[in-house]
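Form predicted on its own, single chain, as structure tokens, below.
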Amino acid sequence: MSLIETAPRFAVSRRIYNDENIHHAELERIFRRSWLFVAHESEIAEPGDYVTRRLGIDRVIVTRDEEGGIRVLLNSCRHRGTRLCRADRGNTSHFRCSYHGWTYANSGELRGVTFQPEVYGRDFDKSRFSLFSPPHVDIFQGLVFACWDPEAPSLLEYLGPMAWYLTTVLGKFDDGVELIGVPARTLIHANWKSESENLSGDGYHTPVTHATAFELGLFATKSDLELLGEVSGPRFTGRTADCGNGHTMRIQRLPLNTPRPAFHGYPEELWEQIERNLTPAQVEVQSCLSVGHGTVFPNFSFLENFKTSVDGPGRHARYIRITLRYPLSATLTEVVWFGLRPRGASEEWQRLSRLGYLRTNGPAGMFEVDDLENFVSISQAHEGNVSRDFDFTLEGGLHGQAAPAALGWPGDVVDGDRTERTIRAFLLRWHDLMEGNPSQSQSVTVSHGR
């Protein structure tokens, strides 16, 4: 079979999760062509600030130059290719190579060549040797993205309707959001796609994979919800949105009736900001939100979660987390974890938010331990020569799921979040690029907020 077949059933070759030849093709056909997240703007707030990251697996420096512009520079000296900067973060106006001493401004220009007159002559043209950098760098809602493909569409075109949903998460506060501390990093022996698919909108696995979390009270109970308002039913309601280009999102709502929009988990003094900064349809996404999570194709995911009784009855909070996955090999992935908070939130709310995050969706949280065990086991189950010759079947939701009444939500939205439609959307975009079809599957201009 081909890697993905859509008829008579939706079948996916198991080789795409462990084949090194497929992995190398991904680096060229997907990671070299897609817009990739590299940093949050708050990490490089001042001139000279920098962090070191990857674009795909290529090492880069993300820095704010002396004029205040954000630069993404290949972390490799133009002379002999040595890694130029070896620290994870810092502040500097210049980067100096440890091999022969070539020195670059934080804007990328070559400024100093050791023994230049003797080795290269006085007329050596340093302007020919600026650091390599991707042709496209842009920022959306504080998220810094870059793309190696000179023919790529703009970032907003690439995001399409997903920009609208990202705004509901990151654009609702007057002063925006900022990074909490420094990102955490982990290595997992799993394929990078496993978590990208899961966070694209898989609500199907939750009651099984996270059964112990239900038993321990890490999900809201009816008594927890009764402290917040009138409970309208025993089950949460959910929707999924396919935003094109492989970008998808899942939104799950608390089963509450409220007379006006309620943003449980955030301090009530911030509620007015949320209503003012979002459109009415975006407010509907945020009101009584239980969890929202999605993936920006290929390797960037975001999650906003609400937790009750974080530190006693009525002590509830939301948290925002983003994750980034570097595909080091077919079965080895580096994950970078970012916690975000509204600027100016009280210390007590921040404490509750961090506590809820660390217990559940943090790098060592119960939800993540549950999920990572599954992701790793997918790779382990296909170490032999026989198992990878078979396929997966992803038919959940193909029987038809109802589109809700006119919402004003962009993308292809359906009711119900126990489905595999978001995973199919992710994999179809993956397949398009792997088969050499780089055209954008959807380029939609939408209003991203007020």
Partner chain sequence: MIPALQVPGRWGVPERDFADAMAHAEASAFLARESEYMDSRRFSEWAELVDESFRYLVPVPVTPDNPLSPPFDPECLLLDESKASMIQLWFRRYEKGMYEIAWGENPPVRLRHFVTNVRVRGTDDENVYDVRSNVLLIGVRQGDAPAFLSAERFDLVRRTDTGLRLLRRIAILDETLLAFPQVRAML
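Keep in mind it's a predicted model, so treat the numbers as computed, not measured. Residue numbers count along the first chain shown, from 1.
The same protein also has a form predicted in complex with the partner chain, omitted here; what follows describes it.
Contact with the partner chain, judged by heavy atoms within 4.5 Å in the predicted bound form, is confined among 117-125, 176-184, 267-275, 293-301 to 176-184. The listed set Ala281, Ile139, Leu216, Leu227 contains one residue whose heavy atoms approach the partner chain in the predicted bound form to within 4.5 Å, identified as Leu216. Of the candidates Glu109, Asp88, Glu348, Asp149, Asp88 is the one whose heavy atoms come within 4.5 Å of the partner chain in the predicted bound form; the others do not. Taken together, the three residues Glu195, Thr331 and Asp389 all stay farther than 4.5 Å from the partner chain in the predicted bound form, as judged by their closest heavy atom.
Using a 4.5 Å cutoff between non-hydrogen atoms, Tyr50 counts as a contact of the partner chain in the predicted bound form.
For the chain shown alone, Thr212 is a contact residue for the partner chain in the predicted bound form, at least one non-hydrogen atom being within 4.5 angstroms. The partner chain in the predicted bound form is approached by Pro363, whose closest heavy atom lies within 4.5 angstroms of it. Proximity of Asp370 to the partner chain in the predicted bound form falls within the 4.5 Å heavy atom cutoff.
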